[in-house]
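Encoded as structure tokens, the following chain is the form predicted alone, with no partner shown.
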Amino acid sequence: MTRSGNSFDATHHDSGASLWAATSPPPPPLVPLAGDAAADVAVVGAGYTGLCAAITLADAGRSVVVLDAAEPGHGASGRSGGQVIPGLKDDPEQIEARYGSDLGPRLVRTVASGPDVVFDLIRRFGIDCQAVRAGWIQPAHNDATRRLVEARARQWHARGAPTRVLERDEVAALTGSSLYVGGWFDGRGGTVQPLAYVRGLGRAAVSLGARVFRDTPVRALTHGSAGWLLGTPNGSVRARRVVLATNACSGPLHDPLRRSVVAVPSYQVATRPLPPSLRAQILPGGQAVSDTYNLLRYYRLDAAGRLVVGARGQFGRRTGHELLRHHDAAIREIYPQLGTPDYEFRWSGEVAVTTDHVPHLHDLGDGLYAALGFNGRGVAMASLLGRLVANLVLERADPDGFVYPVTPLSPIPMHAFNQLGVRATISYLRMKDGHWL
């Protein structure tokens, strides 16, 4: 069995410097692979998934090699909004109906624990990543979505989560915006500096004995009687088992895996630090926010008081002005008190979206595994599934009883045309939201 190609050569639509790159502690001192190496497990991709898998495997006494085409966090992990959100897109009752009376409730408990996994790792390894666990708010923009989020809050509360329904005035007080008609609060959520978090995971993996190599794209993946051989530009790795943790950057190394998700661009901006008078009004409690528009806007403050706002980007090349227009309009709508925002940073990345809107965990056979498709909830879910894919490699139950379904790989039919469909869908939803530009 032979697969070839560049597994992790990420392509991004950068339009400026990332706030996270400008404010993160330096990366761990890593080097490219030179020569031949061997390990029990090779991990391709040094983002949240790959590094959490490496930590779990090294904790269990396995020798681990992690290979990244750039450096830890160069892909989506270091470019996200840094919102740590519990759960999946589906509500608990939907999850239980989909997965049945046995697996359903256990899966609800598992996905609810994503933020615990993140903040436990931060505490355990002393990761300096501006971690704040002040909760997450989902405000509703109309009466229909208000009813949906109120039901969501009640479902989670019935299962022991620290959630509550928010009335219009409570949302306005917590967010500093009078745009919304209600919402809900989830105390399990929080924020991190995402690049600092993933770099901290890299240091943690190295401290446990994992060997992490940067600037080492995997060009070929071959299976034989002795296991897997991973070919790189200046060396190779032999391993009995392999974890593909490439998410939206999955390439032709395993083309069916690449075709199982759609990489959707996401674009973010950060203002200059807000003056004290505005900082006292806007998100004074430090919560993260993701609203209920079809093309949601997500926002938060960073440690210096910058307002960081993200939303879906646009496919293809765009000028900085074109990329900024939608975000600028959103900020003016949410926070008219800002006047003309002064933007300090603009950057972009890609989100791996699945057709069923849930992450996928795969056993691809012959000791090859993958986890991907986090649908915009990657900080918590990728960290959690990194741990769970490692348990799959170790052939053991999770020590805390976490479970997740292992599903067959299902490439999306006519994947090459899917981006056109996504473009049309984004345009339609933007118009439906009243944000046609």
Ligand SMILES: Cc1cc2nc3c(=O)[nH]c(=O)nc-3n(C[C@H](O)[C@H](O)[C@H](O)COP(=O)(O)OP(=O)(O)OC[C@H]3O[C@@H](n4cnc5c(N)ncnc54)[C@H](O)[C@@H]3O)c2cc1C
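A residue's number is simply how far along the shown sequence it sits, counting from 1. A quick note: this is a predicted structure, and the numbers were derived from the prediction, not measured.
The discussion below concerns the form predicted together with the ligand, not included here.
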Triple contact flag V44, T216 and L253 to the ligand in the predicted bound form, non-hydrogen atom at 4.5 angstroms: yes
Option touching the ligand, based on a heavy atom within 4.5 Å in the predicted bound form, out of F185, Y298, Y180, W156: Y298
Of V269, C249, A205, V243, the one that lies within 4.5 Å of the ligand in the predicted bound form (heavy atoms): C249
Is L33 part of the interface with the ligand in the predicted bound form - any heavy atom within 4.5 Å? no
Would you please decide whether E350 lies within 4.5 angstroms of the ligand in the predicted bound form, comparing each non-hydrogen atom pair? yes
A60 versus the ligand, in the predicted bound form: is there a non-hydrogen atom within 4.5 Å? no
Check whether G81 has any heavy atom within 4.5 Å of a heavy atom of the ligand in the predicted bound form, and answer yes or no. yes
For the chain shown here without its partner, which stretch in 387 to 395, 402 to 410, 24 to 32, 373 to 381 has non-hydrogen atoms within 4.5 angstroms of the ligand in the predicted bound form? 373 to 381
Even though the chain is shown alone, can you say which residues of 47 to 79 have a heavy atom within 4.5 Å of the ligand in the predicted bound form? G47, Y48, T49, G50, L67, D68, A69, A70, E71, H74, G75, A76, S77, R79
